[in-house]
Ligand SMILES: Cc1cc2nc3c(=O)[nH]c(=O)nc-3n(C[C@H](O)[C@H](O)[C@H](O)COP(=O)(O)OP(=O)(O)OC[C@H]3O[C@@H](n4cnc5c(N)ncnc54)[C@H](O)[C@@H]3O)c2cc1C
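A lone chain, given as structure tokens: the form predicted on its own.
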């Protein structure tokens, strides 16, 4: 039993990274009177093209943080279907009717991450929502970290581009690296070591306006199956905005060479096989994709979360969803410790559990998602893939499909079970369901019962 004391055992958290993970963590901590200092190397928010859809588990965290209502207001009103198509002829192979859950509060969220980040920042700066406990500082580039028994710190280069930089050391009780895949905090702990793999392709992301989507009856999300033109085409915003993403399988080209190949990909993938003068592209992002994970999410008083700790390819939407679950879990650990409901060992539990879940489930499933669209035979996959067989079976019973779409996720974890006193209702993400506590799975070991094709369907539906 952890001894109860009047004073909290720590007073401030330093968060590296004012992206979605860092701002979300700051908001969740502020709700429970825990101050944070958030440092961002950029001069402002990073609104580059990244994630656009977030499964039910992430939506639960958005609701808990008080963000969901504003996200829904900015989002498209409906996202009716998810389907898998064969690129060669555009035929739908399998489809999931998302309208079955359109009245559910925690249904999938669809909005460009850049817009979500702006909503998060607005909440952080709001005197009521952020409670004046969140200090966000731009043009603060972390260059190193350090710690002793009582505190942790970061070395920071401060200043705008073109200005003379000054160097500072900023201290806190704990440092959390939420600074993305190029994390300076992770590099300070592990150098260039980041076990995993980088895939032999270049991932192309672009916002596209094309009347042909409506003319050919396309809606929702469309996973494209083809060895040369695999990817995802999905409606993403108002005014006919669509997001077209694909992996170019030829490695080693320059960005200009990849862009020169884009019309070839678009002609194959888009309905109607348009020429470049028939669509308009606004904004492009080009990057490598990886599946990687650090050896430990915690080294002393320095912790890692989200893309700073792990990365996975974007097929299936696991990246931001897993990041939200990391942050929600870490927030619960800090809250329980701050309120003297748990000891510091709960932070070790966070580090172990979230890493185990990534390695055992997210890593493997995201690679299967990628292989399904990029390596499977488009002409036989609908009959041979166990995932598609289960989806077809679920489609025979709308109630069963609805339950699957809204089910408690097998990659969530309730860290409040490690408190020595159960938390108030404000910690719960939903009512107790199917033997779980607060609607969240009680343990990683329970997941072993969910192996196989049906578990794969459930996991993918959480992310699609």
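For clarity, every value in this text was computed on a predicted model and none was experimentally measured. Residue numbers count along the first chain shown, from 1.
Although it is not shown, the form predicted in complex with this ligand is what the next lines describe.
Contact with this ligand in the predicted complex, defined as a heavy atom within 4.5 Å, is made by all three of 179, 205 and 321. With a 4.5 Å cutoff on heavy atoms, residue 18 counts as touching this ligand in the predicted complex. Heavy atoms of residue 140 reach within 4.5 Å of this ligand in the predicted complex, making it an interface residue.
At the 4.5 Å threshold, heavy atoms of residue 50 reach this ligand in the predicted complex.
Taking the partner from the other structure, this ligand in the predicted complex has a heavy atom within 4.5 Å of a heavy atom of residue 184. Exactly one listed residue, out of 336, 328, 247, 314, brings a non-hydrogen atom to within 4.5 Å of this ligand in the predicted complex: 314.
For the residues 67, 39, 34, 27, the 4.5 Å heavy atom test against this ligand in the predicted complex is passed only by 39. Between 300-308, 213-221, 90-98, 353-361, the stretch whose residues reach within 4.5 angstroms of this ligand in the predicted complex through a non-hydrogen atom is 300-308.
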